[in-house]
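For reference, the chain that follows is the form predicted on its own, supplied as structure tokens.
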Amino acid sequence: MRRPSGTTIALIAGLAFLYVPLAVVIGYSFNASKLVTVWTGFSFTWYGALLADEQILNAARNSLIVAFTSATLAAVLGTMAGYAFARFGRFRGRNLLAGSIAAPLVMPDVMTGLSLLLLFVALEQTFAWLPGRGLITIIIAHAGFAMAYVTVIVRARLIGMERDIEEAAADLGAKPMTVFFGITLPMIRPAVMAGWLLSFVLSLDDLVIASFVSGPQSTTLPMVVFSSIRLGVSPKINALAAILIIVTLVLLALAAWMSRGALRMRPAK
């Protein structure tokens, strides 16, 4: 029998390090005991208690609203930026735009959150009619950093895409907007959807940036979880974590499946 190689062993060890703790959390979410580390029997008790917790339900509602809205906004802006990078060549302000897009990818979340907090506070002081920090500021913050990921995905798809159909439509008299919405956008739809799903997951999981830019009535789900575990892990948090893990893994798998074809380089002729 062939013995596993060192690479295989390292791969298995790495995957176990990443996913065994998640499996343990999911398993203990069905624990009947009030102690999260003592197994006393199988039960759905804590899922029922979770669904009866108004604070968690309200936070989950806020997180879903923020994630859906910011992901949609990021998909629109990221698609526009990716198209500009892939189709317009050199233009005035390209380097500035590229730097602005790349900054959220490499900047620590603490610095991003702090800078956005200072910006929103300055805007509130300058324009008294603006609403205070809340869901809107969280949506703007999440759309800002998620847009960078959508731009990278869409740009890669456009660079590797054949332009024959677009050029043929232009030669036949189609206007640029008609070519984009009728030909280009349907061809890059998998990349746009993959970027949307990734943005949705990133927004749903964010804690640091949302903590800086949120208001008293705009608590998101990660913030509630973080504040809860500071006083001790409740079995309800295990149930909530299990749901979030499963939802996140499903969305990431769907995004990976949709972007698999979107990120291919164009085939050789």
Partner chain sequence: MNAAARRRAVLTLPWLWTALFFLLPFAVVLKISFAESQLSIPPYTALFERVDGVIVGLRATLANYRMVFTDSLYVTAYFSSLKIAAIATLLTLLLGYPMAYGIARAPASHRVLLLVLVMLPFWTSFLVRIYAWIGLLRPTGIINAALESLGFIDAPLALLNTPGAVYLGIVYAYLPFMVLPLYARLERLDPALLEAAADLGAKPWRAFLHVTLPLSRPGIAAGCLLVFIPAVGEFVIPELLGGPDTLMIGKVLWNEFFSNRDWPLSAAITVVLLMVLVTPIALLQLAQSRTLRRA
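Predicted model only: the values in this text are computed from it and were never measured. Positions refer to the first chain, counted from 1. Definition used throughout: the rigid core is the maximal C-alpha set that superposes within 1.5 Å between two forms.
Same protein, other form: the form predicted together with the partner chain, not shown, and the subject of what follows.
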4.5 angstroms heavy atom contact with the partner chain in the predicted complex for F226: yes
Contact label in the predicted complex: W46 to the partner chain, heavy atom within 4.5 Å: no
Contact of V192 with the partner chain in the predicted complex (heavy atom, 4.5 Å): no
Partner proximity in the predicted complex: L254 to the partner chain, non-hydrogen atom cutoff 4.5 Å: no
The partner chain in the predicted complex: contacted by all of V24, L73 and L198, heavy atom 4.5 Å: yes
Contact set, 97-111 vs the partner chain in the predicted complex - heavy atom within 4.5 angstroms: L97, A98, G99, S100, I101, A102, A103, P104, V106, M107, P108, V110, M111
C-alpha of L22 off by 2 Å or more between this form and the one not shown on rigid core: no
